[in-house]
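This document starts with one chain, in the form predicted alone, laid out as C-alpha cells.
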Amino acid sequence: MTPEQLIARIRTIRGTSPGNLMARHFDEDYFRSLDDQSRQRLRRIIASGIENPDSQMGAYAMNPEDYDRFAPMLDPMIRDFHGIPAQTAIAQKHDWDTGGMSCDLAAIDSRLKDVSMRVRVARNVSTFPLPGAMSKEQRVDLERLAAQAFTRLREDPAFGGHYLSITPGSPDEIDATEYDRRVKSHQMFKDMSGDPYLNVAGISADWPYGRGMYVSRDEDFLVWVGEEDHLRIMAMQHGGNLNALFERLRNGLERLRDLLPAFATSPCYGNVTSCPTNLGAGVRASLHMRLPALTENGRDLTGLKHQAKALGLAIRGAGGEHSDAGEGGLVDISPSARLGVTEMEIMRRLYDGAAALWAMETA
C-alpha cells in the first residue's frame, strides 16, 4: 500500500468509523512530511486501527520512545481519550496514600459488601521493546528475568507463591488442563492468538512463548507476564473495601519494583504502556456488579454504557472486553481515566461511580 493509498484508506475509516481515534486525528500533512523509515514505524503503530476499523484507540506503541517521536500524531489521540484539552499541560502525579479517604462499598448498600474487585497496573521494563516489537527470544528472556524476580518474591511471607508458565519447555510450565482452569477462574489471561487487534499489532506473536503468571498463596496477588504489556501486576479480592485492595497492590508493586530493572516512564505521560489508553497511572480498577434493571437482565449494554460514560466509567461484559453481560446483569465497571489522575483519584471515581449506578439500578 502506497502512502497515498494508506491516506485514502484512513479517510474512509474516518467516515465509516468515527469512534476510531487514530482515523479521527490522523494528520495527512504530518504523515507526508516523514521520511520513509519514520513512515514505516508509524504505520506499524497504527496498523491495528487500519485493519480493525472498529478500534477505539487504533494504535499500539512499539517502543517507549514512540510517544515522544510521534507526538504530533499520538498526543491528540491521547488527549481525546483521556479528556485533556489541547492547551492543558499533562503532568502525571502519583498518590497511593489510602488513608485519606474511605471507600467501602458496604457503606453504599450492604448488598455490595462481597463483590469481585480487581485493581492492576501495567508496567514495561525499560530494557526491552514493548510487546508489539519483541522477538520470540526477547519474550523468553523477559519471562526468564521476571521468573528470577519471582524466585526472590517467594521469600516474602506476604507475597510468597509460585510461577506458572505456558512457555513450552519452561521449568515452570503447566499443562493445558491447568491453564484452562486458571483462565476459567479469571486468574490467567486468555489465549491471545485469536485476538485480531493484538495480532495486527504484533503483541500476540509467538504465542505462547514468554507468557505466564505469578500467583500468591492466597491467590489475591497476581502478575501476568507477556500479555499486552510486559507485566500486569494486580490485586484481587471478594469484598467491598477498596482501600484494602489498593493497599495490597501498592505493597506488592513496591516489592516487585525493587527486584526488576527500571520501568519505562515518560516525563509527560507517566508510566509507558503499549496502548495509549493505559498511560499515566497505568491503573485499571474494576468491580463486578449485577445491574439487571440497567441491562435488561444482561441482554443489552448499550444504554448502560451511555449512562456510565457520563459518569467517567467504562463498562465491559462479565467476560472482559467485547463480551456480554453475565447472568443477572453482571457487568465490569471501571473508571476510564488513567492519565493525569492519581491512583487515589481512580479509587474514588470507582467508588462514586458504583454508588451512582447502584442508585439508578435500585431507583
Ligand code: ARG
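We number the residues from 1 along the sequence you see. Computed from a predicted model, the values in this text were never measured in an experiment.
What comes next is about the form predicted together with the named molecule, which does not appear here.
Listed residues 204, 278, 165, 124 were compared with the named molecule in the predicted complex; 278 is the one with a heavy atom within 4.5 Å.
Of the candidates 307, 63, 336, 56, 56 is the one whose heavy atoms come within 4.5 Å of the named molecule in the predicted complex; the others do not. The named molecule in the predicted complex is approached by residue 228, whose closest heavy atom lies within 4.5 angstroms of it. Contact check for residue 159: no non-hydrogen atom falls within 4.5 Å of the named molecule in the predicted complex.
At the 4.5 Å threshold, heavy atoms of residue 197 reach the named molecule in the predicted complex. Residue heavy atoms within 4.5 Å of the named molecule in the predicted complex occur in exactly one stretch of 135-143, 270-278, 90-98, 206-214, and that stretch is 270-278.
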